[in-house]
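Next comes just one chain, in structure tokens: the form predicted on its own.
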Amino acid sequence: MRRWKNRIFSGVILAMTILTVLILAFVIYFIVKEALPTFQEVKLTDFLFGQRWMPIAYTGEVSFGIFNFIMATLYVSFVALVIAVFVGLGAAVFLSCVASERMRGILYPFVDLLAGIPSVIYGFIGLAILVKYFIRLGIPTGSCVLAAGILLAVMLLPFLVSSCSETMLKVKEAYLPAAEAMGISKWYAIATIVLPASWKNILMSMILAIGRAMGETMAVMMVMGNANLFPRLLGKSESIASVIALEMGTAVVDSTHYHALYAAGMVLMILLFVINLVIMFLREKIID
């Protein structure tokens, strides 16, 4: 009876894995299928490196260039990731190596609560606090890439803090008692043992975090300014996800505009795939 239960369980797991792969394959197929007609009307180089996005001929000819959107997506994502990694690693070190078990039990629910807040609420907070703060600093409208990066970093923190602190806690329990027995100070052991031993899993957390950052739409859209401009830290810009969210509802089905938005989504998907490959290469080659 136990053998049959194990076989049924294994079969269910295999079926769910195959279903997941098939769903992913279908999503990729659908995006690519809807994106390819774009390049019958627009040259690939013009699409990727053009800086003019004019889907409707209000003034002059239509144009579909997403270079500014690509750069804005990368810019705001990496700004957010840098801020989130520095803050998240500090919080993870505190929770795993400094805080008591009772304190961790109190603080973890508050960290997890950040992950449950809808992105639109983050956007409203950004409009009410961050944008006004940047206006006081002299930014004309307050909306800028840095504001979006800070807001996005806060949204990445729950996952980074939870995953990194769990990894560091296991490493600490395995190595820190022996280090203390040898007379090594706690902070020196954290810097030379706990952090290096946890670095592989930290990189894996960064892979998932960068995917979350590049795909975020609502909060970034509300504080970034949504202007088709080359991104500057204190200037307005617009991400790929934002332009898709803003224009997909008004795009005529099967029009070049409609297919160009899918092509922009395909480019975003390829960017995520390439970044994941690069970080995986760093994890496997450089760290080892």
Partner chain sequence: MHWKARLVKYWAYLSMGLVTAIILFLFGYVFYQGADTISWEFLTQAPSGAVLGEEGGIWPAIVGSLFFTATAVVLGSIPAVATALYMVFYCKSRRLELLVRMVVQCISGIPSIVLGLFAYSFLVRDLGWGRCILSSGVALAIMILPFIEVRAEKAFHELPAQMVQSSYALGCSRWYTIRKIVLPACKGELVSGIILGGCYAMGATAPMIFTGAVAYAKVPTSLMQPAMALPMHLYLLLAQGVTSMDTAYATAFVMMGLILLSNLLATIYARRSQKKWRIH
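Quick caveat, the model's predicted, so the values are computed rather than measured. Residue numbers count along the first chain shown, from 1. The term rigid core refers to the most C-alpha atoms you can superpose between the two forms while keeping them within 1.5 Å.
Not pictured, yet referred to below: the form predicted together with the partner chain.
Kindly confirm or deny that Phe78, Ser163 and Thr256 each have some heavy atom within 4.5 angstroms of the partner chain in the predicted bound form.
-> Zero of three within 4.5 Å in the predicted bound form.
State the residue from Val131, Ala179, Ala197, Val154 whose non-hydrogen atoms include one within 4.5 Å of the partner chain in the predicted bound form.
-> In short, Val154.
In the predicted bound form, which of the stretches 171-179, 67-75, 141-149, 93-101 has residues with heavy atoms within 4.5 Å of the partner chain?
-> In short, 93-101.
Considering only heavy atoms, tell me if Ile190 and the partner chain come within 4.5 Å of each other in the predicted bound form.
-> Yes, Ile190 is a contact residue.
If you check in the predicted bound form, is Leu203 within 4.5 Å of the partner chain, heavy atoms only?
-> Looking in the predicted bound form, residue contacts with the partner chain do not include Leu203, since no heavy atom lies within 4.5 Å.
Hey, in the predicted bound form, does Gly183 get a heavy atom within 4.5 angstroms of the partner chain?
-> No, no contact at 4.5 Å.
Contact of Phe26 with the partner chain in the predicted bound form (heavy atom, 4.5 Å) | Yes, Phe26 is a contact residue.
Considering only 7-32, what residues come within 4.5 Å of the partner chain in the predicted bound form, judged by heavy atoms?
-> Result: Phe9, Ser10, Ile13, Leu14, Met16, Thr17, Leu19, Thr20, Val21, Ile23, Leu24, Phe26, Val27, Phe30, Ile31.
Taking the rigid core as the superposition reference, indicate whether the CA of Leu233 shifts 2 angstroms or more between the shown form and the other one.
-> Comparing the forms between the shown form and the other one, which are aligned on their rigid core, Leu233 does not shift its C-alpha by 2 Å or more.
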